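Shown below, as structure tokens, is a lone chain in the form predicted alone; questions about how it binds or moves come after it.
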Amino acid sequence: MWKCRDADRQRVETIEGLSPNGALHPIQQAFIKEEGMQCGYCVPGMIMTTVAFLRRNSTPTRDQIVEALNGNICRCCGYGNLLKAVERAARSIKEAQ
């Protein structure tokens, strides 16, 4: 079980911190372009999960993406677009390097 003290002296990154200068992060841009959101309920969790996942795996397969997002629930069942958004984000970040 996670306890608040586990975050003591740790860096906590939130979705608001992804674009400190006002420009959207490439992952946020990919979610918009692929319409990877509908009601917005799951979007922050999906995006932050994607950020952490793509930092560990910059060239994921679709199966790896599915596994990475497995802990997030989308109420609108927009999983197809969410997968496309993560794929686009991975390509976008790779091209920018």
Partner chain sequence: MSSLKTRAEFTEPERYELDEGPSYHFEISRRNFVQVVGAGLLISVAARPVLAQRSGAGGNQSANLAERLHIGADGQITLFTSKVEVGQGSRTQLTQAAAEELRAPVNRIRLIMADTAQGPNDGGTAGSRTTPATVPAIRKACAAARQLLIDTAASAFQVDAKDLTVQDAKVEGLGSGRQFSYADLASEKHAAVLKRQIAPDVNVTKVSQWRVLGASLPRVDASAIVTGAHQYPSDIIRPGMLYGKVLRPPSYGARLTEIDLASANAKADVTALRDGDFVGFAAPSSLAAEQARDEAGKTAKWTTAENPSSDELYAYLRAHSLSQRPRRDIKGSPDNAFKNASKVLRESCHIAYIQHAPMEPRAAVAEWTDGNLTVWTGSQQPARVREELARSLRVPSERVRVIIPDTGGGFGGEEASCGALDARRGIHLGLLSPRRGHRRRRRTGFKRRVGHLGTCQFLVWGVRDRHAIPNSQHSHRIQIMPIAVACRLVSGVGLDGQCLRPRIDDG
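Positions refer to the first chain, counted from 1. This structure is a prediction, so every number in the text was calculated from the model and none was measured.
Not on display, but discussed next: the form predicted together with its partner chain.
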| property | result |
| --- | --- |
| Partner proximity in the predicted complex: V51 to its partner chain, non-hydrogen atom cutoff 4.5 Å | no |
| Its partner chain contact at E35 in the predicted complex, heavy atom, 4.5 Å | yes |
| Contact of A68 with its partner chain in the predicted complex (heavy atom, 4.5 Å) | no |
| Residue contact check: I15 to its partner chain in the predicted complex, 4.5 Å heavy atom | yes |
